[in-house]
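Next comes just one chain, in structure tokens: the form predicted alone.
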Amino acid sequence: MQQALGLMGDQAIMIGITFAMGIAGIAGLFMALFWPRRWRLPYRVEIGFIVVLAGIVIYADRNSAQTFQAYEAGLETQQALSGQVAAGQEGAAFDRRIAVYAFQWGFLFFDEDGAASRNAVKVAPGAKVLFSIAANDVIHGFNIPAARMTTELEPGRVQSIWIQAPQAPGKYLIQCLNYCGLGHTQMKAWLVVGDDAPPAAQEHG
């Protein structure tokens, strides 16, 4: 199962470009300080550098807008797609029961049999899923845009949330919305919706 964190993707590309430009800038600084003879960059190099920076900003903004629009797509329905579970109501009928452990900086999912999956959980289309979510380090957020669900996780407290999985197979974002440290932007996971998802909880005996 594909992980939410990986070596490829737009964020990884942007991070690579940032590091490359930072290293080039530091190298240029040392050259300016220790080069034996005085030198000056040609104007075309300076203009090219500005053009590259402008291109990166435009690319990042365009990609961010497209990602946001993709997350918001298909949310026009008025049907309830998620909600809080009151204390004592955890025994209600759910197709799946998933325990979630949030930590700096990722999510660990445990299914009904105790099998663990990092940063990805698989469910059937339209399944009603109960998430029991806990964190023990700092305050995290748990957000699934496709299910219109967001909750804040306090250390030492278990939050019980249910969602109705989307009907369309695919990968849907799960993310932390509370700043939780340097790796916050990479604290993401996938809700993987597919017909080959594990059977419902009641079939596990």
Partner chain sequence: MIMRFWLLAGILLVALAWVLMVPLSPPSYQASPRSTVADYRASGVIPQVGEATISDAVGHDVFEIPETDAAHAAEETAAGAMPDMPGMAGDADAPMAEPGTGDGGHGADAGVAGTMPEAPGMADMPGMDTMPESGGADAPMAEPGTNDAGMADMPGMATMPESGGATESEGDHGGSQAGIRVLDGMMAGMAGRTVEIEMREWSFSPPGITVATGEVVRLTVRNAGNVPHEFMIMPPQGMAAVAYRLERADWNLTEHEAIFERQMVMPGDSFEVVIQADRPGNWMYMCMFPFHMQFGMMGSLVTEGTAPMEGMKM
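Residue numbers count along the first chain shown, from 1. These numbers were taken from a predicted model, which means no experiment stands behind them.
Omitted from view is the form predicted together with its partner chain, to which the following refers.
Among residues of the shown chain, Lys122 is one whose heavy atoms approach its partner chain to within 4.5 Å in the predicted complex. Residue contact check for Trp105: one or more of its heavy atoms lie within 4.5 Å of its partner chain in the predicted complex. A residue is said to contact a partner when one of its heavy atoms sits within 4.5 Å of a partner heavy atom; Val129 fails this definition for its partner chain in the predicted complex, lying far away. Using a 4.5 Å cutoff between non-hydrogen atoms, Ile98 does not count as a contact of its partner chain in the predicted complex. If you take 114 to 142 and check each residue for a heavy atom within 4.5 Å of its partner chain in the predicted complex, you get Gly114, Ala115, Ala116, Ser117, Arg118, Asn119, Ala120, Val121, Lys122, Ala134, Ala135, Asn136, Asp137, in sequence order.
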